[in-house]
Ligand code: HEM
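Just the one chain here, laid out as structure tokens, in the form predicted alone.
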Amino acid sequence: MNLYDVIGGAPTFERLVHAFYQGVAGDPKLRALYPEEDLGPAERRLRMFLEQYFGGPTTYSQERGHPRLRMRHVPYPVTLDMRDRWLRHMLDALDSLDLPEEHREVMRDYFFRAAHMLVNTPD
């Protein structure tokens, strides 16, 4: 069984990503990196990506092709400050799920690695 199934599947990822984007919406500096007025499409893309990454449906790749995270983020100035803001909101969202610590740790590890990898602009 994969982490996607172990932590509750789609409903868990829906709650995680929704809570994350509530944080983004309240963070003017981070929110400015999202060109769309409605965060709904970004929320859907991130949810599909995370579901796939953690062993769920492959809808993300079916609809959007290979994730190519670094390439997709090149147009946006991802500074250390933006990385830290993103992480703060994602970790707050993760903590809101009340998952067992061993599952949160696996997800936290991925979020730290991915966020650091996407930094592309000096502060």
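One rule holds for the numbers: they count along the sequence shown, beginning at 1. Quantities reported herein were computed from a predicted structural model and do not represent experimental measurements.
Note that the form predicted in complex with protoporphyrin IX containing FE isn't included here; everything after this is about it.
Contact check for Arg45, Leu69 and Leu118: all three have a heavy atom within 4.5 Å of protoporphyrin IX containing FE in the predicted bound form. Not displayed here, protoporphyrin IX containing FE is approached by Arg64 to within 4.5 Å at the level of heavy atoms in the predicted bound form. Interface membership of Arg88, defined by any non-hydrogen atom within 4.5 Å of protoporphyrin IX containing FE in the predicted bound form, is ruled out.
Heavy atoms of Ala114 reach within 4.5 Å of protoporphyrin IX containing FE in the predicted bound form, making it an interface residue. Contact check for Leu94: no non-hydrogen atom falls within 4.5 Å of protoporphyrin IX containing FE in the predicted bound form. Along 67 to 97, residues Leu69, Arg72, His73, Tyr76, Val78, Met82, Arg83, Trp86 each place a heavy atom within 4.5 Å of protoporphyrin IX containing FE in the predicted bound form.
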